[in-house]
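The chain below stands alone and is given in structure tokens; this is the form predicted on its own.
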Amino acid sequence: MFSRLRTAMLAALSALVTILALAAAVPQAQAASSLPCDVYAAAGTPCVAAHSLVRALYSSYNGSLYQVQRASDSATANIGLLAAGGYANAAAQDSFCSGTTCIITKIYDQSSRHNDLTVEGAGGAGAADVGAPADALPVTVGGHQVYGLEISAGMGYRDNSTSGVATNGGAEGMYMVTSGTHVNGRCCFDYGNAETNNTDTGNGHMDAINFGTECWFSPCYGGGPWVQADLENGLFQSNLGYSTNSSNTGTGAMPFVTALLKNNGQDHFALKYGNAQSGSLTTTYSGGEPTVNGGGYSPMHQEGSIVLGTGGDNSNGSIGSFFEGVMTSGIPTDAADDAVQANIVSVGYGGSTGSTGSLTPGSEISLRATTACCTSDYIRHQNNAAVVSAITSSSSTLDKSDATWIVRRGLASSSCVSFESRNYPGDFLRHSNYKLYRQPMDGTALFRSDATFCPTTGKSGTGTSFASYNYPTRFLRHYNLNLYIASDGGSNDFDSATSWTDDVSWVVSSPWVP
């Protein structure tokens, strides 16, 4: 009996040791509390740069995320976290910038390398850049109201004196969370490794993720935008430059995109993308370095600068959005990439704001017409224009999303409101030549004024009317299914006094897509 008991105890102890050994072998990356740079460190490829405006990228990080400078007195403030390993304290930015405007002047590196990004100087293909407006890209992340980085042409950030970033054929990986709704086909919305002198110094001297609709090497399939590798003198989808993957038609207008590049610096690079709100990564290319343009890409000749928003020579005609991104020492494993993607998805980019149906900033709403003819019509965007159309419970998800807006503090006056598109982060309802459009916020005073509306009691006695901030006698009006700022009588058809009071009165309702 004792012998059998002793044998059973030894077997159980052996099993326990095996379980503990297996548990010890599981990478720390799998821990629920692990953030992207914890994941990569556990996989043996630590971050050498970690930039984010929205959250910590290490579970222990509790420093500053970025710096803002206000226009009124040029004072600066660092914007940090609500808690270690948490989300940006956007309220601190709102308080500091109250009554004026702010730009982003620095994006801090959360790694121990301190590879901080500042506004980029002049380069071989572009004049010195300017800082991005700090309030241009409000977004919900992890249930918190924060701000991303909205890049317009002429904006960019850089660090030419870095530590630990790959040089001269070194291996590295990188990813960024960006958006497929704010892109163009101009050069070059990049994040990654670039030249140290802001000029094009030759093939293979860059190793950066590019995201946009520029097709450098034909053919490119679909309309993009595509995740490509800017390896200098070309945006590469394969070793041949052009796409060898006909199923890679781009991400389309996906609000949040994970874009990933890794390169061993010698004979192999890979490109991946994913929906930052759900699902896994898709590999669009994995193979040899480029063999076109006369070579020079195998081995690579990286110089170790970090660029964000422009090309290596400061080609700065591109637009784009940036929420977070890292660069690693060495090539991360596919398992680590997958774990990082899972963490990004878990954050809940673009989730519900938690408030609906009111004009309180942060509330998600839909705006319904009150005119007797059109009580099923809502303000929605379509092909960049703002229109009114019938939206019902049987409407498509896209139509419902297009008819949903997030109330923001007025871009030109905090006593008024602005309306951000629910499915195009950073795009706002604004008027131009009296007509309404959905357009990305560029930080200009004109845009701020055009995108600000002041609520008042509905002119018909029902609902709410919205006066244009810079044309206060003109109100949001639907006319022949289009949307205008219209006066009560005037030379334009849409200024007709007929049914004007009804046409400018709106019901602020619960959102079609919360």
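Note that residue numbering begins at 1 and tracks the sequence as displayed. Since the model is a prediction, treat every value here as computed from it, not as a measurement.
What comes next is about the form predicted together with a small molecule, which is not displayed.
- Contact annotation: the small molecule lies within 4.5 Å of heavy atoms from the stretch 233-241 in the predicted complex, the single such stretch among 279-287, 343-351, 233-241, 360-368.
- Though the partner is left out of this view, residue 216 does reach within 4.5 Å of the small molecule in the predicted complex, counting heavy atoms only.
- Shown alone here, residue 190 lies within 4.5 Å of the small molecule in the predicted complex, counting heavy atoms only.
- Heavy atoms of residue 325 never reach within 4.5 Å of the small molecule in the predicted complex, leaving it off the interface.
- Within 4.5 Å of any heavy atom of the small molecule in the predicted complex lies no heavy atom of residue 149.
- Among the residues 315, 140, 167, 93, the one placing a heavy atom within 4.5 Å of the small molecule in the predicted complex is 315.
- Interface residue among 442, 200, 120, 377, judged by heavy atoms within 4.5 Å of the small molecule in the predicted complex: 200.
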